[in-house]
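Only one chain comes next, encoded as structure tokens, the form predicted alone.
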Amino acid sequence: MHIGLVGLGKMGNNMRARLEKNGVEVTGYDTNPAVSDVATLADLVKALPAPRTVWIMVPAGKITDAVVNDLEGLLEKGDLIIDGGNSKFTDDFRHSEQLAAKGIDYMDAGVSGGVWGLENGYGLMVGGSEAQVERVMPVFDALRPEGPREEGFVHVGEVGAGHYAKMVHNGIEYALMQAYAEGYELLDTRKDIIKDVTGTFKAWQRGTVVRSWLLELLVRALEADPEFQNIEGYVQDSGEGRWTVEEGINNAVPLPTISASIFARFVSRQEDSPAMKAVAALRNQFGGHAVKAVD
């Protein structure tokens, strides 16, 4: 099978390598000519056999919109676009409708695995028609981890379902990371009791109910920098966590843990919290409690 891949950054380039390693021919395009196989999107389309399959792996939002718009003018009826980035599921509805007018098929694929996907494979959550899923199953099989297909791949539903599942996946990821981080801080604070923080986390990797790949990665990070002296406590978010919380609100589903993990990231970006200043001022007003003056 021969597909096109648009976007050859950290994820896209590794995905190209894994696909080629597993027998799928890939023609890649990127705005960085140093990694691109062709000079333009038009050249990419010309290089592919019909019916063409083009996998998009670029940042969500305006960049993905631009690539879809460009490909719409280059592809033909019966061709297929797969958006494997972290697009919002509502964007999938819009893209699918836009492309259907020209007879171009569309699928969305939530992809998990990060920089380790080349070696370990990628977890895949796919939205689209059954016929299109079967058509490109060799691509999914090449990307997913070894082992039973159902443990690394799922056809979640129609268009939009793949990115919806990935959105919830990332919301859960936010909460899991926050729980490990809070546990780390408490252990690190009580070094009068806990003499080996890194060793404690490492010992949790086998046999315990909190063992996970994220825990393994935390141990890896702690072994490299036990006090995280080289990292500032400033954490960004890429959107999926916010969208998960929005969906919880829209559907009256309580998501207190995921919500708290998002808000913790917001706190990480504040050098001095206006809200906490207000709380301190209120305590002083009603109870005469001491406040800490600005140096």
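Take the two forms, find the largest set of C-alpha atoms that superpose within 1.5 Å, and that set is the rigid core. Heads up: residue numbers just count along the shown sequence, starting at 1. Predicted model only: the values in this text are computed from it and were never measured.
Beyond the structure shown, there is the form predicted in complex with another copy of the chain, which is absent from this document and is the topic of what follows.
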Using 4.5 Å between non-hydrogen atoms, is V168 touching another copy of the chain in the model of the complex? yes
Would you please decide whether D272 lies within 4.5 angstroms of another copy of the chain in the model of the complex, comparing each non-hydrogen atom pair? yes
With the partner left out of view, is M177 within 4.5 angstroms of another copy of the chain in the model of the complex by any non-hydrogen atom? yes
Give a yes/no on whether G61 approaches another copy of the chain to within 4.5 Å in the model of the complex, heavy atoms considered. no
In terms of non-hydrogen atoms within 4.5 angstroms, which of the given stretches 62-70, 255-263, 48-56, 33-41 touches another copy of the chain in the model of the complex? 255-263
Listed residue (L74, M137, V210, L118) with a non-hydrogen atom within 4.5 angstroms of another copy of the chain in the model of the complex: V210
Relative to another copy of the chain in the model of the complex, which residues of 262-286 have a heavy atom no more than 4.5 Å away? I262, F263, A264, R265, F266, V267, S268, R269, Q270, D272, S273, P274, A275, M276, K277, A278, V279, A280, A281, L282, R283, Q285, F286
Please determine whether the C-alpha atom of A17 is displaced by 2 Å or more between the shown form and the other one following superposition on the rigid core. no
